[in-house]
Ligand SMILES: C[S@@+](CC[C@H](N)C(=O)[O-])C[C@H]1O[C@@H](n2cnc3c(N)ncnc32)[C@H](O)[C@@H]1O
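Presented below, as structure tokens, is a lone chain in the form predicted alone.
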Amino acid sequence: MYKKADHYTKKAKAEGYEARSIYKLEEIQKKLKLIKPGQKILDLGCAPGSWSQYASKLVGLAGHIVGIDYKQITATLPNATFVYGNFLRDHNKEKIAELGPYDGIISDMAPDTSGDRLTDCYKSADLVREALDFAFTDLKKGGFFIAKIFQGGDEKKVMELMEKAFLKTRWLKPAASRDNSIEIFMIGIDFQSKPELEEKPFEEYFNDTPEGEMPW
């Protein structure tokens, strides 16, 4: 059924990567060339570690990868520090903030899906919002931001916020994404500063899920 999934899964195994998702980041990198030698990169939701593996090769031993996930991280890298925990918890954000600031933040995070597409889309947007909020304080000026988001929720509002903080923004759906997937990647290039939010809380720029609760 998933011919592309089979192809990319087999390719990842043959090339020594932990997961097929590496080819999503690889396509973004080949098109935009954002990750460079010597950089410090934060990988959010990094398990099992394929994005960290790929970024590790690009930054080299002069650079460093910091990854965080509450799931098992199976990759082992000479130039990486992995934090086991939920990024949404403040004490874990403090841990990775201490290891920054960062030249780039990459995120393949996705919520635990509920089966309800609309709910899952809003949950995905909220994850990206949390990642952006972190980026606004811990991303270096001129840095970049790459994050997966589900289409069908608040992705346009998230992009509007990104446009206030980065000189360039774009959408990209890599070939390695399955045809029936609602995922798309948001990319911010050349970070400037945290945007002004018109004197209302950051969270109020986004809708709640239909249930009004965030289950994580």
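The structure displayed is predicted, hence computed values, not measured ones. Residue positions are given as counts along the sequence shown, with the first one as 1.
Beyond the structure shown, there is the form predicted together with the named molecule, which is absent from this document and is the topic of what follows.
Among the residues 121, 80, 132, 109, the one placing a heavy atom within 4.5 Å of the named molecule in the model of the complex is 109. In the model of the complex, the named molecule sits beyond 4.5 Å of every heavy atom of residue 99. Using a 4.5 angstroms threshold between heavy atoms, residue 47 counts as touching the named molecule in the model of the complex. Using a 4.5 Å cutoff between non-hydrogen atoms, residue 125 does not count as a contact of the named molecule in the model of the complex. Although the partner is absent here, residue 68 sits close enough that one of its heavy atoms falls within 4.5 Å of the named molecule in the model of the complex. Note on the interface: of 57-65, 186-194, 162-170, 38-46, the segment with non-hydrogen atoms within 4.5 angstroms of the named molecule in the model of the complex is 38-46. If you check the named molecule in the model of the complex, you find no heavy atom from any of 34, 145 and 177 within 4.5 Å. For the stretch 168-188, the set of residues having any non-hydrogen atom within 4.5 angstroms of the named molecule in the model of the complex is empty.
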